[in-house]
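The chain that follows stands alone, in the form predicted on its own, written as structure tokens.
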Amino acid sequence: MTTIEVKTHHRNELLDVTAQVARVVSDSGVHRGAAVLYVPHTTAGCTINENADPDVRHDILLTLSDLVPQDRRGYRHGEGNSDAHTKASLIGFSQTVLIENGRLVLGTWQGIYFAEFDGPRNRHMHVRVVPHG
């Protein structure tokens, strides 16, 4: 398992970590298999989405903020980050990406994102490269 260090700069942020994950896959020497990504935090996650237009990241974060506002009345968790826990649960904490010919199998416009909802913080994403067969 390899751990990628992620430094976030905003409370809500989608950071493109595709290059870091691709480097882990390349360094592993695995030609065919899968990369399992896991974020060990309760207020952050990971997702795959478009990486060509930065407005897509903005729109995803805007929609999540509309769906799960930070200042929603009725939250009981005393740390003031109930929205972050909920957003992370909606996005999810893991992704699996296929590997073929030693490279991540992603669509033309796809990238891998670390999703921060309670930053800025120093975070981690674990990557396990699993060979096929």
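Owing to the predicted nature of the structure, the values given are computational and were not obtained by experimental measurement. Residue numbers run from 1 along the displayed sequence.
Here the subject shifts to the form predicted in complex with another copy of the chain, a form of this protein not shown in this document.
Although the partner is absent here, His132 sits close enough that one of its heavy atoms falls within 4.5 Å of another copy of the chain in the predicted complex. The closest non-hydrogen atom of Ser28 lies beyond 4.5 Å of another copy of the chain in the predicted complex.
For the chain shown alone, Asn12 is not a contact residue for another copy of the chain in the predicted complex, no non-hydrogen atom being within 4.5 angstroms.
Not displayed here, another copy of the chain is approached by Gln110 to within 4.5 Å at the level of heavy atoms in the predicted complex.
Residues Arg32, Gly33, Val36, Tyr38, Val39, Pro40, His41, Thr42, Thr47, Ile48, Asn49 are the ones in 19-49 with at least one heavy atom within 4.5 Å of another copy of the chain in the predicted complex, listed in sequence order.
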